[in-house]
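To begin, one chain is listed below as structure tokens, in the form predicted on its own.
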């Protein structure tokens, strides 16, 4: 099985891994790890230490303020390797206390895109989505994504296709884009596929955002498909995005990260309760690095997934609570799907989430005719489309409200409070807090600006 191994070597080695201008190798930071075949093609990643901001806090809970430290004496390092499925003793030998530098061993499950049940035609068009999102009003008030970095973590973007379908030029930030190890290709020039759909959908509400192309799902594994990836590559991608964010001026930071993928099966993971589990484990390195990126000022959105009871994706294998791992992280926006008529689509995963009970957070539009990435008659569908639609709306907001003025946690609360409630009880596990409501958001932002002027 594939695993992520968390090590705490000397502070000098941690500093070498964390430094953006230095490249430490797996061989530099590991010694002898019995029973492990190390992946030397994987560049080690520095992982911040998470600890409660308040004295007496639960060190394993994400539902509280946390402090993330990258100080060399506190941070750790992640490397990737493989342990034979029948060599459980090798895994035990790596547990803390058995090896000098090892902190923990974690699952590195496959991650895949969130498409949907096929065979049903689109409901409306992307122009209908633009109308429902009040894009004309957003642009009239200066909310168009200008100056906002919008990362598409997916299968890569084909900029020419997006340009043709939108009928306007788009911006690919090639300098800040990033490929996983072993993935060739240039930002904006990948094959038309799932990532191209996601890029198109983000630009409905934020046409002037700068896209950062992160083809994390093109990482290869034996027997995989073009839409498979490994969670370890997502860890490395988020570490890269942390350097992108910290290079922005603190007063104007604006980074939105769209993730239309997740883990569908417990067979891809260690069992819940085991220290290395991902789906239920707040201490998994990816869940830690997600929280640290959000605290640094990034807005992170994940698709809720397509394991809804009415139309479940064939890959869905969790018997209950299918919003797992980072898709249910309390510091991200987990996005469910509605059609352009405002009705929840049957494949949109329902809560509660595994890391945070109140998931999904909100819903956005999906199952419309848009990018034509899968053919002229195929809809942009699944929570795969809903997530980037919502990410585009967040990027539009960031045009005038950087993280220094409206931290990600406060923006999430604003989106919750302004959502168009579709139930009689406020939050519910079908729609979350409701469907994103642009005019209510703009009204709340105006009131906030007036209070700050007083």
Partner chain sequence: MVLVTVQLPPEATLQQAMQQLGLTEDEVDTAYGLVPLDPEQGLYALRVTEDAGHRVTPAAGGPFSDPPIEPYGPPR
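Positions refer to the first chain, counted from 1. Only a predicted model underlies this, so the values are computations on that prediction, with no experimental measurement involved.
Form predicted in complex with its partner chain: not shown, discussed below.
Peer 1: Consider the chain as shown here, without its partner, and state which of 196, 350, 263, 331 has a heavy atom within 4.5 Å of its partner chain in the model of the complex.
Peer 2: Contact with its partner chain in the model of the complex is made by 263 alone.
Peer 1: Looking at 79, 255, 138, 270, which is the one with a non-hydrogen atom within 4.5 Å of its partner chain in the model of the complex?
Peer 2: Flagged contact: 270.
Peer 1: Out of 352-360, 284-292, 205-213, 121-129, where are the residues with a heavy atom within 4.5 Å of its partner chain in the model of the complex?
Peer 2: It is 284-292 that comes within 4.5 Å of the partner.
Peer 1: If you check in the model of the complex, do 393, 431 and 434 all have a non-hydrogen atom within 4.5 Å of its partner chain?
Peer 2: None of them does, since no heavy atom lies within 4.5 Å of the partner.
Peer 1: So in the model of the complex, does residue 276 come within 4.5 Å of its partner chain, heavy atom to heavy atom?
Peer 2: Contact check for residue 276: yes, within 4.5 Å of its partner chain in the model of the complex.
Peer 1: So, in the model of the complex, is residue 371 in contact with its partner chain at a 4.5 angstroms heavy atom limit?
Peer 2: No, residue 371 stays farther than 4.5 Å from its partner chain in the model of the complex.
Peer 1: Although its partner chain is absent from this view, report whether residue 308 comes within 4.5 Å of it in the model of the complex, heavy atoms only.
Peer 2: No, residue 308 sits far enough from its partner chain in the model of the complex that none of its heavy atoms falls within 4.5 Å.
Peer 1: Verify the contact flag for residue 315: yes if a non-hydrogen atom of it lies within 4.5 Å of a non-hydrogen atom of its partner chain in the model of the complex, no if not.
Peer 2: Residue 315 belongs to the contact set for its partner chain.
Peer 1: Can you name the residues of 230-252 that have a heavy atom within 4.5 Å of its partner chain in the model of the complex?
Peer 2: Heavy-atom contacts to its partner chain in the model of the complex: 230, 231, 232, 233, 234, 235, 236, 239, 242.
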